[in-house]
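Structure 1 and structure 2, given next as structure tokens, are two forms of the same protein chain, each shown alone.
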Structure 1
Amino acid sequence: MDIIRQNLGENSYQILVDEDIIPKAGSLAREYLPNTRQAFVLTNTTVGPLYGQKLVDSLEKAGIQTFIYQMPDGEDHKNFAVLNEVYDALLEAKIERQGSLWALGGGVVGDLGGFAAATYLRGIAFVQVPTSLLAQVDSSVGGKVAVNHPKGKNLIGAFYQPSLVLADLAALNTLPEREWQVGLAEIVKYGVLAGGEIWQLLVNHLPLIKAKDPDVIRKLVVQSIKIKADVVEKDERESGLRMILNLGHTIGHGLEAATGYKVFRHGEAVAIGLVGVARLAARLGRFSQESCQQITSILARLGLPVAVPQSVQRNNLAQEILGHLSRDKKVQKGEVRFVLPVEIGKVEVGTVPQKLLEEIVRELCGEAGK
């Protein structure tokens, strides 16, 4: 078992990564959450039938009174209506202050479950059991929890750290192919951010990654978590450094918004965004052309889009993305701030000339020269 510690003073916790860790959840709960007598497992209608009973059995075997609740699957359900249903179920189960909420699923279940745990009875213990690759390498670590508002994604939320994270690598065996790719895009992001071992794995072992070799996937997951935990340790509430975790996300968010969140999975938009910032930095002479091409090639070989596919291209898409960028959360004094790679393993935050930004976004949308 790999154990990574997220150091955050009294909010510190352990992230445990292993195959078949869900059946050990009960004994791990006894060890890491000795005061918990009740567990409320929040999952969804896809993950629940696959792993829900295993988790419930393990917790009950450890003498913990356990309840399970399945929310509908999908980003569209990360909202107030479902959150209210979860509060109702928590109350009906009579979960007390010493109880714990276990989020079993991808980032949607983790984000909504974390917000429920943060607010129910002013906060109960929260355990993340991430089952998607994206949730294991990103959303289950760092304590950002939220629901969506009709006016935008993740607008209502909190920083609320879990008490424990159990990442079961065996659960990835049932993950649909597209969800693997979404998680791999975030892993490439960490590779560009940190360089070193994770980047070498991406450069040297792509065929093994595509074949889902268990040793290589474990290394990628563990390395990604370590990189994220290190950044969060230095800047838990995103007052500065944590922003680098948004590498590739600014253009990615613009693209997701301009296509109504219906066309691209988040990681696919991030892949296109990563190519965008690599090109921006290269054209500014701050990043090598060779590294820019290497990032593009790795993403493409992983099956991720590196530009807007022809089937999605349409008039004014670039203009709409640029419009969303100018309204982005990261705008300061009218200028969008980008996380730019300057070498593999090193990024800087800064603004870029508007004309160059427009040029690159047009290229990504297949509108160059139009």
Structure 2
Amino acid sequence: MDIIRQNLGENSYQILVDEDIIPKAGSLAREYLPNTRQAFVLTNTTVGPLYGQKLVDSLEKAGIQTFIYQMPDGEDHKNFAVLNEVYDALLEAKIERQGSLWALGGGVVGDLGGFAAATYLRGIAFVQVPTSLLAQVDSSVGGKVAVNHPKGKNLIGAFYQPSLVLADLAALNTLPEREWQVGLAEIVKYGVLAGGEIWQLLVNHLPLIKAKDPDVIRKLVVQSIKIKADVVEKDERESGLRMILNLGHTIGHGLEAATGYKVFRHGEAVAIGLVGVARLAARLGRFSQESCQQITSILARLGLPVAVPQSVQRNNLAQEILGHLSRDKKVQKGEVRFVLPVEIGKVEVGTVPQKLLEEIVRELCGEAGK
């Protein structure tokens, strides 16, 4: 078992990565959450039938009174209506302040479940049990929880650290191919951010990654978590350094919002966003064209989109994306701030000329020259 400690003072916690960790959840709860007597398992209609009962059985075997609630699957359900249904279920189960909420699933369950845990009875213990590659390497670590607003993604949220994270590598075996790919997009992001070992794994072992070699995937998951945990330790509340974790996300979030969260998985939008910021940096003369092409090639070889597919292109899509960018959380004094790569393993945060931004977004949407 790989154990990664997220050092945040009184908010510190352990991230445990291993095969078949869900059946051990009860004993791990006794070890890491000795005071909990109730567990509310929040999952979705896809993951629940696969792993819900395993988690419930393990917790109950450890003497923890356990309830389970399944929310609908999909990003478009990360909203206030579903959040209120979760509050209703927590109240109906009579979960007390010494209880805990266990988010079993991907990023949507983790984000919404974390926000519910942060606000129910002014905060109860929160455990992340991510079952998707994307959630294991990204959203389950760092304590950013949120729901979406019609005007943008994750606009209503909080910083609320989990008490424990259990990343079960065996759960990845049931992921559809598309869900594998979207998780790999975030791993490529970490490779660009950190360089070094994780970048070399991506560059030198693409065939093994595509074949889902367990040893390589484990290394990628652990390396990604360590990179994120290190950044979060230095800037828990995104006042400065942590913003670099948004590499590729600004354009990605705008694309998701402009398509109603119904067309792209998060990682697919991030992949297109990574290509966008690499081009921005290259056009500004701050990033080599060769590295820009290398990022694009790796993403494409992993089966990820590097531009908006022709089937999704439509009139004014670029303008709609730019409109969402203007409302992004990273806007300061009316200017959108971007995380830009300057070399593999090094990024900087800054603004870009509006005309260049519009040009790149139009290119990504197939509207260049129109």
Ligand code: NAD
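Model, not experiment: these values are computed from the prediction. Counting starts at 1 with the first residue of structure 1 and goes up one by one along its sequence. Rigid core: the largest C-alpha set superposing within 1.5 Å between the two forms.
Shown as structure 1 is the form predicted together with the ligand, with the alternative form given as structure 2. For the motion between structures 1 and 2, which is treated as two rigid parts shifting against each other, Gly248 and Gln161 do not share a part. Interdomain rotation between structures 1 and 2 (smaller rigid part relative to larger, C-alpha based, rounded to whole degrees) is 9°. Structural comparison between structures 1 and 2 after rigid-core fitting shows the C-alpha of Glu363 displaced 3.4 Å.
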